[in-house]
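Next comes just one chain, in structure tokens: the form predicted on its own.
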Amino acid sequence: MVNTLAPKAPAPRPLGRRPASPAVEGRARHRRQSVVAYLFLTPALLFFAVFLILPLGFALLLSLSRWTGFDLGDIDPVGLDNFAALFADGATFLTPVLTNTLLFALGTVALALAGSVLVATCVDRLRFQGLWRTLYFLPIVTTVVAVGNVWKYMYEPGGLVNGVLNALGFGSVAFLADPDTALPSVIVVHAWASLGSAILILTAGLKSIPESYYEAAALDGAGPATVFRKITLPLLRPSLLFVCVTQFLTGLQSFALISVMTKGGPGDATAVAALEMYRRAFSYGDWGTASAAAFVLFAVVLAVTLAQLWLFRRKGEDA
């Protein structure tokens, strides 16, 4: 009689390749997943390459060449001559163009940051906050051409701004026709138009501050100014950093508003780097110098952004 309870002998191992270890199987599975992921990313990578990498490489080629913008066969390599022409004696790129660009960006950041902090703090304590945020956001969704033309008419001698000044007993001011007031006038418009996005970001930052901090400060008898300086501003630093960096980048690259309101005038009082690049490329056919100016502006933007990040990070460590 056969004993069915006896242990069965192990089945013989089939001949051929030995089974892979778990580590080898994990690496193979990771490779398969990577291939699938890159297949899904291929359309986005192709779009990135066609519309960013290739134009960037072509712009770099043009910055080292002389080209009038018509026949690709007419591209004439000139080395660093285009960069040297930008900073040669008598050139206007460094002064006043690049100087105006930095002043425009600094003025925009200062006004927009101060105004958005003030308005966001007030809106955070009002009823119907959604309505107020929507009203302040309207200039963002309005076209730059419409904003520029409306403010252009408001700045005219018979416009609303001068009408208010005359009612207060002041004389009329040639805001856009005077070289001394043209750039500050456009800075005010740009800062006003960019308040909406900054207010939304700072309002979200204010909402993230725990109320317990304010309650503890009230119990200690801290006044509104002390609370704002010791609690609100330090905890709002990440939002302030984002607003400051984005506003500065927008100011350095501003083109449409100045083109609509002043076209760089009077003289070169409001000429900025983006407008100068447009003129050199499309008005004068000097694509090489325009491309060189674009790379100089890119270097300025990168340096300013890194400086802002370092400054805010250092202040955060000191705090």
Partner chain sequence: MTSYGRRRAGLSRRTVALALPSALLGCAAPHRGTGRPGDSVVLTLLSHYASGALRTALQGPVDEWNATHDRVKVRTTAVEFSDLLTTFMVRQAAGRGADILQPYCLWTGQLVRAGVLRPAPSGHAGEIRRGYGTAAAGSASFGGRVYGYPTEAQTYALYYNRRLLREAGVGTPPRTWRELEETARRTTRRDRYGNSLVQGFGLSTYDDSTTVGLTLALLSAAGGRFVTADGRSTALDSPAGRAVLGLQRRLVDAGASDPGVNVYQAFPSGQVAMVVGAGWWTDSLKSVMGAAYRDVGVAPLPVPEPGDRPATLATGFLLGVNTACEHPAEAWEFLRWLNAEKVPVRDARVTRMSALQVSVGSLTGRADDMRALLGRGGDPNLRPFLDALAYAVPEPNGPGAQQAKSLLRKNIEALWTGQQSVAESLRAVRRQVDQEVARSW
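Residue numbers count along the first chain shown, from 1. Remember, predicted model here, so these are calculated numbers, not experimental data.
There is also a form predicted in complex with its partner chain; it is not shown, and the following applies to it.
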task = Within 4.5 Å of its partner chain in the predicted complex, counting heavy atoms only, one of 65 to 73, 249 to 257, 40 to 48, 26 to 34 shows up; tell me which.
result = 65 to 73
query = Does the 4.5 Å heavy atom contact test between T101 and its partner chain in the predicted complex come out positive?
reply = no
request  = Classify N82 as contacting or not contacting its partner chain in the predicted complex by the rule of any non-hydrogen atom within 4.5 angstroms, answering yes or no.
outcome  = yes
message = Taking its partner chain as it sits in the predicted complex, is D89 near enough to touch it, meaning that at least one heavy atom pair lies within 4.5 angstroms?
response = yes
request  = Indicate whether its partner chain has at least one heavy atom within 4.5 Å of a heavy atom of A59 in the predicted complex.
outcome  = no
query = Which residues, if any, of 171 to 185 lie within 4.5 Å of its partner chain in the predicted complex when only heavy atoms count?
reply = G171, S172, A177, P179
